[in-house]
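The chain that follows stands alone, in the form predicted on its own, written as structure tokens.
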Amino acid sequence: MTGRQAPVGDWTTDFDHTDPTWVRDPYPIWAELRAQCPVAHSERYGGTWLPTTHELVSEVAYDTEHFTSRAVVVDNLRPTELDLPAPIGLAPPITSDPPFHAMARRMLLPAFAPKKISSLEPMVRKLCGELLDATAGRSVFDAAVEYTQHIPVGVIVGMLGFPLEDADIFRRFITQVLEKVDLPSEERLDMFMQGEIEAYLNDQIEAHRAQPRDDLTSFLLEAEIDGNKLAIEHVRGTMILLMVAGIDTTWSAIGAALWHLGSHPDDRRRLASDASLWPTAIEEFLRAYAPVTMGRLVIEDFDFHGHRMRKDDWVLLPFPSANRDETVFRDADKILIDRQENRHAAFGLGIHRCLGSNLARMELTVALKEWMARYPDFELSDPEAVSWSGGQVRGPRNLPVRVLN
């Protein structure tokens, strides 16, 4: 995705979340902006703002009067170019505003309740075991390609009741939505208008209508809001949400944690020898390597801390930058796997805080524990070959590792 835009010359006035420097390591950029220019601006993507401190990110995330969520992926398309059904949006409830947002979110709560998520743990553990079995006997392999990317795909496909062999469709769609954001608007629009994912989801919906089953698709088809069944756009949009928000984010979090353990042997050895560290380590990996930067749109022209924001300007909310704010977190740039106080924003802030946080935590915990039980002693085999996804979800796309014993 990188290389299609001109290189960034000044991060305060011309930032780009697809720039190779940002993709490779955004943390120094955010640190400099927090210290010198806490609200950056760029004319790219039709006009984009970037608050970087915890306080400012939180303020925008909680403000539904001045900022709308009807589009959350910052790209060259203006929202008016896409026929987004109000108040549903493309992927409800994350693309829904109040008051509809609360109803759409409440409808989904039973599907993501702690007891429901706990029941999925054996399936996740079995999947991780099978993936690790496939790496047996090899000392060097790509942990991202052969392990992390398959776990959340398998979980979401299973929850929706879709064929596992269709997982590549999901991965291709995620890449289109989240990583090809720097395409020209015409190419971006053509990509969405091809309708592959819409046709696929429609087929799955019809199959479930003909043969209901105990899965999330049938749950959505039976669900009601205010006594009415969900519109087909709502059912399909929630499936899209699960694909985009439930797959890439989690595989990125798992991969980033493995990257850390593979490049920080002291932390890896501590975690391998002291099981009591797992709860704090999981939260610290989420804080330090939070994968998601969320998007908002300005509703009407208004002044934000001396900055004149215009209607339909984009706003990027870098939750990872908020998590590295020294005014909120002690030793914010240090990864302390025994950190006790850790009210991080990895799952977002405000009304759109991640509905699937229980699921993501469970997947991350199981995936890392199963890996460490199998490979407690490993390292990055080629640190320079590690590649990271660009755009608004950051995680390793290539993660070559070497098993040491």
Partner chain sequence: MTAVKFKVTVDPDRCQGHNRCFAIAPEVFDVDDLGNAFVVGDGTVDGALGAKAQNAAANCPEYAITVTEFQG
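This structure is a prediction, so every number in the text was calculated from the model and none was measured. Numbering follows the first chain given and starts at 1.
Keep in mind that the form predicted together with its partner chain is missing from the display, and what follows is about it.
- Out of the listed residues P265, P122, P163, P114, P114 is the one that sits within 4.5 Å of its partner chain in the model of the complex by at least one heavy atom.
- With the partner omitted here, the residue from E341, E55, E65, E43 that has a non-hydrogen atom within 4.5 angstroms of its partner chain in the model of the complex is E341.
- Only one listed stretch (371-379, 30-38, 66-74, 354-362) carries heavy atoms within 4.5 Å of its partner chain in the model of the complex, and that stretch is 354-362.
- Taken together, R106, L109 and E283 are fully in contact with its partner chain in the model of the complex: each brings a heavy atom within 4.5 Å.
- Within 4.5 Å of any heavy atom of its partner chain in the model of the complex lies no heavy atom of L336.
- Residue contact with its partner chain in the model of the complex: P26 places no heavy atom within 4.5 Å of it.
- Looking at G47, you'd find every heavy atom of it more than 4.5 angstroms from its partner chain in the model of the complex.
- Although the partner is absent from this view, V328 contacts its partner chain in the model of the complex, with a non-hydrogen atom inside 4.5 angstroms.
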